[in-house]
Structures are given as C-alpha cells and as structure tokens.
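Before any questions on binding or motion, here is one chain by itself as structure tokens, the form predicted alone.
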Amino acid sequence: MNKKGNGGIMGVILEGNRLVLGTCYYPEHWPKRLWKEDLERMLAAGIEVVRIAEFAWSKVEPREGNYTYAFFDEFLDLAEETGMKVIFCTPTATPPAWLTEKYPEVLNADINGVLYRHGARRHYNYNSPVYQKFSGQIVEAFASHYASRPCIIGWQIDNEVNCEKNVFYSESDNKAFRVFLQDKYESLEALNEAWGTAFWNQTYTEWEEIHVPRKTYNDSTNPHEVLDYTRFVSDSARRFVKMQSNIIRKYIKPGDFVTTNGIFGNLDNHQMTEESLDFMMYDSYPNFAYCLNDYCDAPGEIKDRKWSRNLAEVRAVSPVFGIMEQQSGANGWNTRMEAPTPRPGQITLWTMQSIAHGADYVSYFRWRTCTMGTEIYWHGILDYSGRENRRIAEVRQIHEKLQGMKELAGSAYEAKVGIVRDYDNIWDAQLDVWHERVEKASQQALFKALQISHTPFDYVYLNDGTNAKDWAKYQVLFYPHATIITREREDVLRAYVKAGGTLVLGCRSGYKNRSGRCVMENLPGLLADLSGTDIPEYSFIAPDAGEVTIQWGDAKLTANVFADLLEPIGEGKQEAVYTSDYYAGSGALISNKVGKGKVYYYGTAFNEGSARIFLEKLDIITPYRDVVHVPESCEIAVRRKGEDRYLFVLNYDRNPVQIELRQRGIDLYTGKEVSGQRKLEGYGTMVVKLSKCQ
C-alpha cells in the first residue's frame, strides 16, 4: 500500500501544512432546497469538508440489483459548484431492508442464536458469504461511479467497525471460526493441547464439534477458546475492511485516501490500519463524561480529560490521524444516553484537545440535528430549525484561531514516557477477572497520575514486528501487567533496556503463554531473568488486610489489589519491602541492571500515589516545569516539528485559572508575544509557539 505521511498528499486534509475543519452531513435527511444553503453556510463558517453516505445504501440500490446514482450525483454537483470537498463512505454499516428480509443469514445473532433484526444498525455479520457478496457489489458500485468526482478527496469504509457489537454468533461465524482454527492449528491434536481441553472433558474429535462460544449454565467458557475467538473476530473485521479497501483502490484518484473511523474493541486496529488504510480517523465525544444516566463510565475527577487517553490510543495506532466525529452538541438517543449541551467554550476546548494530541483534521458531528429516528437527541452544530446559535458562532471562532495555528500542522506529539500495551493482554484481561482487576486499576492510576502531574505520555504497542529502536525516544516505559509474554517480545523489551531504557513491570507478569495457559516455570516466567526477580508466593490482598504498605527508601507506597512477594535473583536488587500484614519483610520492588538500562519489577498494581512516586523517583515527572506552571485542572501538551515546539494549555475547569509561562512565546491565537502570569478563562485554551527549543 502507498502509505502517505505528513507532508504527503491527503486530498486537502492531513497535508502537514494547515489545520482543516469538516462536518458530517446527511443529504438524505433534508429537503434538497436546503443543500446549497447548508453548504454555503458551512463554507462561511470555515468548514471545508463534509462526510456523507455512510448509512445510505438504499439511495443507490433501492432494490436488489437496481442501481441508481442520481441522488448523490445531484448533491456532488452542488458540492463542486460551491467548492465543498467530500469524504464519501461505504454504506455497509446498515444493510437495507430488502437484503435482511430476503437473506436473514446476513444478520448477526446473540449468544443464544437469536438474530438481531432490521431497525437499528450494525446488525450484520462479517462472515456471511451472502453479505460479503452484496457488500462487495455496493462498494464496487459506489467507487466505480463516484470516485472520479473532483470534489471527493477520500473514502471512509463502513462506520465505526466493531462499535456497539463486537461479538458474533451467527451460523456463518461458526463455520468461519472452524476455518480460522484449522488454518492456525492444522490439527485437532494441536488445538486440544493449546486449549487445554483435557479440563472438564472438553476434548474435540471432529472440527464440526467446535462452535463460537455458546451459552453455558454458569456463563463460564474455556478461556483459551475465548481468546482465540476474540482473535477470530478481529480477523473477520479486518478481512471485511480489506475487501472494501481493495475495491476502492481500483478506482480512487491519485492522492485520495482510504480510512475508517473509531477505535473499538476485539479488533487489532494496528494491523487493520497497516493493511487497509492510509490513516485512522477517531470519533471523539468528551461529553460522555457528563452523562445523566449510567450508560457512560463514571468520569470521576478526570471527567472529559479521559478522552486524552483515547486520543493517545489512536495516536499509537496512526501517528497521522484526524477526527471524523467531534462533539458539537448534546448527545443522546431516544433509548439511551442523556447528556447536556456543551457549555460555552467546551467545543473549542475539545477541538483543541484533539489537535493537541496530534489531529490536523477535525470534523464535527453533525451539521444539523436530525428530526427523526433514534438519534433525535444527538445534537449537531445547528438545532432542528437551523437557526443561528452560539455553537455555530463558536465554530467560526475556532476557524479563526486555526488560521494562526497553520504552522503547527504536521508536528508530532512529544512524550518521553510510554505505556506498553499489546492485544493479547488487552483481550486476556477481558476474559480473565484476575487479570482485569489489576489491569484496570493500573491503567486508571497511571493515566491519572500522568495527567495531573502534567507528564505527557504515549501508548506504545508491542507486537511481533516491534523494533526496540523505535522506542529509543522514551526514557521510561511502563508495562503494568505483561501477563502473556513470548520469547520474541521479551527480546524486544531486553533490547530496549540494554540500549539505555528504563522498564517498569507490575505484578502478575509472565505467567501465561500465547494461548493463555499458565506456565510451569518459576514466576515471572520468561521475565524472570530480565527483571532479576523470583516470585515464591502471591495473593490477592484480602479484604480484611487493611492498608498494605511498602517502604521504598524515604517513600511510603500503598499496595493495590494484588501482592507478588518478591526475591531477587542473579544481579537483581531489592529496592522496597512490604511493611504490613504477613507480607512484611518480603520484597515489593526489585531492580535489575541490564546493559545501559534498568528493569523494575513492582509486586502490586499501581494506584495514583504509587504511580506518582515512580514518576518522581525515575525523574520523569512534569518535564515542562521550566516552560509553564499550571494548576491540576489544566492539561498541557507539546507538539514538535524540527526545532519548533508548540505548547497547548487546556483548562477543563469551568472557573478561570492562573497559569505562569516561564518561557517567552507567541500566542498563536493573537500573534502577540506572551510570558509570565496569564489568566485562562473557564474552559479556556492557549496555544503558544515557544521562543526556543530546550
């Protein structure tokens, strides 16, 4: 694939030389008399690109085999007349009623085999040969007819792949799962060994005996089967995307791109991007932090800053990325989700949050609020009437700000700290409650400690093709719970440390192989030599244990969730001990010098306090303290291009705050030099080009 990076050609977006605004538009929802007016109003507001057609299969194929192109041709004519650019989508997220009625095998099913019927979206399954055929035909029809249009700059495949439903239990999935397993294991003997089917007499003697996970009386299933099933779901989704990408690429103009939107579960987004896309787009909805019901995660103190974690995730998948759907109004369906309208300034805040983390294209969802269907409460820039309002006024102000920020386009987010992740452990933590508990605790703690201490970080993915040289820019890598580890991946970790890096491991590391089976070596298994650690005993921290404390030099830490009791081996050195319960005196932290670097094995899960102490002890906390001082309610981010650095300060508090710029710079909103004490309004933002590179 001809990948395009910063400075390459990406239509009119992600070129590396300016920031671009767009919006999502649904011409099928509105009278044609509004189309031209809407496009002209968008352009006047600074919006240059619209995304269309992701749910509009029937507008081109209203009946099986009956193709008609006039509807979108008419809209594209207006786009070209007004100068609006278009991202065209394939419509496979919502198959038409004639298809699902005549061919119900295309539908997904729940774990009991009950089909999800027509009336919502994403109710199909990837593995139905019938759905693959019809999807290929509609993508061919769309691309062959529309791709040559001058206004089209790129293509979105489907919509939010694996969103809402990322498990599949249709009969087509049963059959495809068996093929997947036959390709992987080649023999039933190898599968039975990998899955440990001797347990509970689950041994298979024919391939037809194997199914996707099914309902059991206690909802317990073979964890090794479920791990492979998750890999199968990812493989199925990727093949579906690749099929569409291959078709589109036969027709697109030079310079046009192929993408999709969102980062969702049970999907290797890295591999999907590498094999099918030019870059990834993300859908950012920080307003979920303010949900009025229990649909959304409890935000805690971190609130909408949690979306900075999500943006770090997409940046790990696709360093060059944009936002396909950016919050612009209240969100909600008639069946779930209730959230308030963004307060004045929050649309700007969330836009700058996306740009701070690397997005050079931001497209708002949506232009007009829909007057029909499930999403009548998912508001856009305009309300039902289309009248002028403060949200479109704020979008105009954002456009004005971006004019002064053009030069930072193409710059990269700067971080010296990384959190290592890999899909095997992400998926294992979904099916294993022991793994999930420590993983969830540590991930939340590390993110909060890094955010509150103003220490930018990246997610860093470890896979079979990772080269440790790519990690050289990180002073410290946290790999909280490397439960599943392979020799090849241990080699990558070792090479990073030998070259001078610092690696921090957490409890419950190294005790499973790639199939999810527990190893019989002394723990932490393949990581024992690297970490200089032996684990003769381990346990969840009992509810009646009270506070389990750890002493590390002059610092007191509190253990969280689990306790590995550690002993040094080889050149390992005991750095800290437990000081309470029966763990008292046992090792809690081992360090081991490896080449020019060092490995730390921490025998418990992180909490915010212990994570902060690690940042302090390893001297990586608050790296921009000489550049800016801000209160905890603010996030800082730095993007860098060559010797130029651009500082973002984002205030997530509704109240004004004082910040101190300790280095002179140019305020890119105003073009004026700034330094010293500054007032930042509630939900206020500031972007400063720093005067020199330190």
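Numbering starts at 1 and runs along the sequence shown. Predicted model only: the values in this text are computed from it and were never measured.
The form predicted in complex with ligand GAL is left out here; the points below concern that form.
The stretch from 171-179, 304-312, 221-229, 154-162 that comes within 4.5 Å of ligand GAL in the predicted complex, counting heavy atoms only, is 154-162. In the predicted complex, ligand GAL lies farther than 4.5 Å from every heavy atom of Tyr290.
For Trp333, a non-hydrogen atom is located within 4.5 Å of ligand GAL in the predicted complex, even though that partner is not displayed. When contacts are judged by a 4.5 Å heavy atom cut-off, Phe55 counts as touching ligand GAL in the predicted complex. Contact check for Asp235: no non-hydrogen atom falls within 4.5 Å of ligand GAL in the predicted complex. Shown without its partner, this chain lists Glu325, Asp256, Glu575, Asp422 as candidates; in the predicted complex, only Glu325 has a non-hydrogen atom within 4.5 angstroms of ligand GAL.
Of the listed positions (Tyr669, Tyr26, Trp35, Tyr69), a single one reaches within 4.5 angstroms of ligand GAL by any non-hydrogen atom in the predicted complex, namely Tyr26. Site residues Asp464, Ser509 and Tyr511 are none of them in contact with ligand GAL in the predicted complex, judged by any heavy atom within 4.5 Å. In the predicted complex, ligand GAL lies within 4.5 angstroms of at least one heavy atom of each of the following residues of 370-387: Glu375, Trp378, in sequence order.
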